[in-house]
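One chain is shown next in structure tokens, namely the form predicted on its own.
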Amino acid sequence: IVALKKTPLFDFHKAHDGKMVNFAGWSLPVQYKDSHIVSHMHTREHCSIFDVSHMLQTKVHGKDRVKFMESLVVADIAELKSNQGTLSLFTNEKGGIIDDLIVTKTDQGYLYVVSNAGCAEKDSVHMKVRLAEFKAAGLDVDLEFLDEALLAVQGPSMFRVLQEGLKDNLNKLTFMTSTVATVFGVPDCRITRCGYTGEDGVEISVSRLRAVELIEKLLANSEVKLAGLAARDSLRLEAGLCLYGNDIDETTTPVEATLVWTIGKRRRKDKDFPGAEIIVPQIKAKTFRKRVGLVSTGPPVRQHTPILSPDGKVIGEVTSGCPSPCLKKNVAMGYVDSEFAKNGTEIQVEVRKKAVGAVVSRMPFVPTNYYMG
């Protein structure tokens, strides 16, 4: 049996009654003393901290770093402003999604990349293969895989909580921008205003030796509680955000997944990213299936639940679903035949061999509260 990997906060989680589970080969808390629902609502109303140190953090150095990254992803990295980030996708030559990731163009001479733990091995190999090609061609680029902790501080009171530990005004940091700062006396923290909850929040990359110190300083504020994977999943689903391996994978294209907005305009025109020959024509031609949001009442809708047309024929499958703590209804996402993808379309889901009514719904299900300045 392969031992589970531990984040720098493993002992801290155990000491705080974290209920540890296996997530992508890592031992992480699914919840703490509070129930999943209490944690979820606390994040929506106050502020929660999630340990996301399992995610792969990479720095891309060298003067050809933008060209290197653009050879792997669909985003226009060149057009990003200094310290601005974007959600992007690694795609393969067939147009499938290898992973989703956030790329930040820092003013420190490197790109800062955060990708999924479940794809860490695949992503690092993928980047190393391309790196070897670039080096063989005499281009200047290098990869540095970080061994830092990563804390997500999420919720409407994040600003008040974090501002106390910063010299600079946090208002200068808008959604999807990043800076390096001393936080509550802990130096060289990279703060990026983003998250996976739909709320205003930050992710803080911090030295693994000082992660416990930082989390304790944040928790000293009574607004803040610890939250685990269960709340993280229901929060991201209410926000309409994809989970890699569930909602997107190597069999789904960005167009099917309604992630066309991640593809840079220049990149579409130049068709110079992996899989562009397949992906770009799909933008105009439409696809046979599409990722949609679904809302239903009654029994909860889970992954792999069949989606049915009004007359009972299978038109797709649920990829993620849960009861929404905020809406008191079931929310889900999945892929359906395109003719059923219009918002407001009444369809059915098959739960425990029974057809239950559902409606195709706009996402996010719960309005997002990102800080745009």
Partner chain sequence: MAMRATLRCLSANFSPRLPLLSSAGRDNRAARLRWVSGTRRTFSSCSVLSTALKFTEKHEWVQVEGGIGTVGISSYAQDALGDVVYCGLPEVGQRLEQMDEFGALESVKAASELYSPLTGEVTAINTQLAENPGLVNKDCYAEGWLIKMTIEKPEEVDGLMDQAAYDKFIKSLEE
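The structure presented is a predicted model; accordingly, all values stated were derived computationally and were not measured. Positions refer to the first chain, counted from 1.
Omitted here: the form predicted together with the partner chain. The next part is about that form.
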Exactly one listed stretch (126-134, 293-301, 163-171, 88-96) reaches within 4.5 angstroms of the partner chain in the model of the complex by non-hydrogen atoms, and it is 293-301
Contact residue in the model of the complex, chosen from 341, 41, 308, 30 - any heavy atom within 4.5 Å of the partner chain: 30
Using heavy atoms only and a 4.5 Å cut-off, determine which of 258, 246, 71, 84 is in contact with the partner chain in the model of the complex. 246
Is it the case that residue 192, even though its partner is missing from this view, gets within 4.5 Å of the partner chain in the model of the complex, heavy atoms only? no
Under a 4.5 Å heavy atom criterion, is residue 61 part of the interface with the partner chain in the model of the complex? no
Quick one: is residue 46 in contact with the partner chain in the model of the complex, heavy atoms, 4.5 Å cut-off? no
Hey, in the model of the complex, is residue 16 touching the partner chain, heavy atoms inside 4.5 Å? no
Select from 21-36 the residues with a non-hydrogen atom within 4.5 Å of the partner chain in the model of the complex and write them out in sequence order. 21, 22, 23, 24, 30, 35, 36
